[in-house]
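Given as structure tokens, the chain that follows is alone and in the form predicted on its own.
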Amino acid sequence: MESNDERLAIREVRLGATRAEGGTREVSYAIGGERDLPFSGKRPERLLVALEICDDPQFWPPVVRDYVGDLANDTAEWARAAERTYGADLVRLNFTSTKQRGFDAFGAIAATTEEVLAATARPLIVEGSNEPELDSEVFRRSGEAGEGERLLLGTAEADRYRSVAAAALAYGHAVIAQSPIDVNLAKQLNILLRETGVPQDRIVIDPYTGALGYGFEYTYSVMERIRLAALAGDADLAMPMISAPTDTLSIREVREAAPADREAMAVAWEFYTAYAAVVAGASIVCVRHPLTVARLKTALEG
């Protein structure tokens, strides 16, 4: 007999682990499980908003640094505020410190992961170095530090997925599979990850999100096509999706806005891009400006 999980068009992926599940999170989330197009049937139990933070603010958007102030210099406190002050469902930790020339402070990767996990009770998403020569060690250290917590590690891409997959398999985590706004490439990467040993219920698709007016229309179309293919029975695309419209805070409309308007402009662009991604089928949207979190949650819960 077919199990309930096998009958789901979109596979469920569980993120975070409570104490009962072997971790320390106060909550864990099951994303996916849909059997229809977004908002055309039963709504998912929760549509999740993650707030992105980083460990080296010199590489972070100035409009966010200006808003959070001293928090940007204390990654653990920033993570705590993401949950308790700004109301994020998840925290996404970006290891921007790896952008420094000659980076080799791998011990700090593990320590920061542990500090952030101690500071927040929410599930954690980890973004690695984006440098193939560093990724293996970055993901090993962060994956080991988060063992048992069922992290979401990202991002795997066609030319750098083995190190992410290895850490996920070794320490029990899930993987973000990112492809450049292309259905066939998304499918190909999922197949590569599965051939490496990552099970389907530990893969989350990131189709890459361009900002509104800067490529988002292609992102939206690809997200729709991924969902339609999954509903038609394509198991290689039947995974939940995540969207991170990070480009919205660096577009000309935000950079060149008058100082008095820049914050509102940044939040508006980030909000509308992220909300449209939810309409297209994203289970998780990741934003960087804290004010975008509450605005999204109000819109999604209404």
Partner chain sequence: MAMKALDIYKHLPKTNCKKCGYPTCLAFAMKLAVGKADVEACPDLEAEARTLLGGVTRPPVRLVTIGTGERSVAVGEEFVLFRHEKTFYHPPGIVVQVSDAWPDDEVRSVVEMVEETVVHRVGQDLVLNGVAVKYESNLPERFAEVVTLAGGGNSLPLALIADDPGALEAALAVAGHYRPLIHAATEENHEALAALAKRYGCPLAVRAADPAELAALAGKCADAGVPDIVLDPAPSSLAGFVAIATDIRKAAIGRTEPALGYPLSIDAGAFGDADAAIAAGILKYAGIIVVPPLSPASVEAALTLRQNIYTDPQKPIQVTPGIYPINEPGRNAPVLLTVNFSLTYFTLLGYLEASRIPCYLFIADTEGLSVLTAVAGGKLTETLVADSIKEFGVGDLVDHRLLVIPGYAAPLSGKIEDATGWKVLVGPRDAADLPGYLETEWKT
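These numbers come from a predicted model, not from an experiment. Positions refer to the first chain, counted from 1.
Omitted here: the form predicted together with its partner chain. The next part is about that form.
In terms of contact with its partner chain in the predicted complex, the residue from Gln100, Ser221, Asn73, Thr85 that brings a heavy atom within 4.5 Å is Ser221.
Checking Glu253, Glu26, Asp56, Asp236 for any heavy atom within 4.5 Å of its partner chain in the predicted complex turns up a single hit: Glu253. By the criterion of a heavy atom within 4.5 Å, Ala30 is excluded from the residues contacting its partner chain in the predicted complex.
Shown alone here, Tyr214 lies within 4.5 Å of its partner chain in the predicted complex, counting heavy atoms only.
Residue contact with its partner chain in the predicted complex: Ala105 places no heavy atom within 4.5 Å of it. For the chain shown alone, Pro61 is not a contact residue for its partner chain in the predicted complex, no non-hydrogen atom being within 4.5 angstroms. Across the proposed site, Ala17, Leu134 and Gly148 without exception lack any heavy atom within 4.5 Å of its partner chain in the predicted complex. Heavy atoms within 4.5 Å of its partner chain in the predicted complex map, among the stretches 48 to 56, 237 to 245, 270 to 278, 64 to 72, onto 270 to 278 alone.
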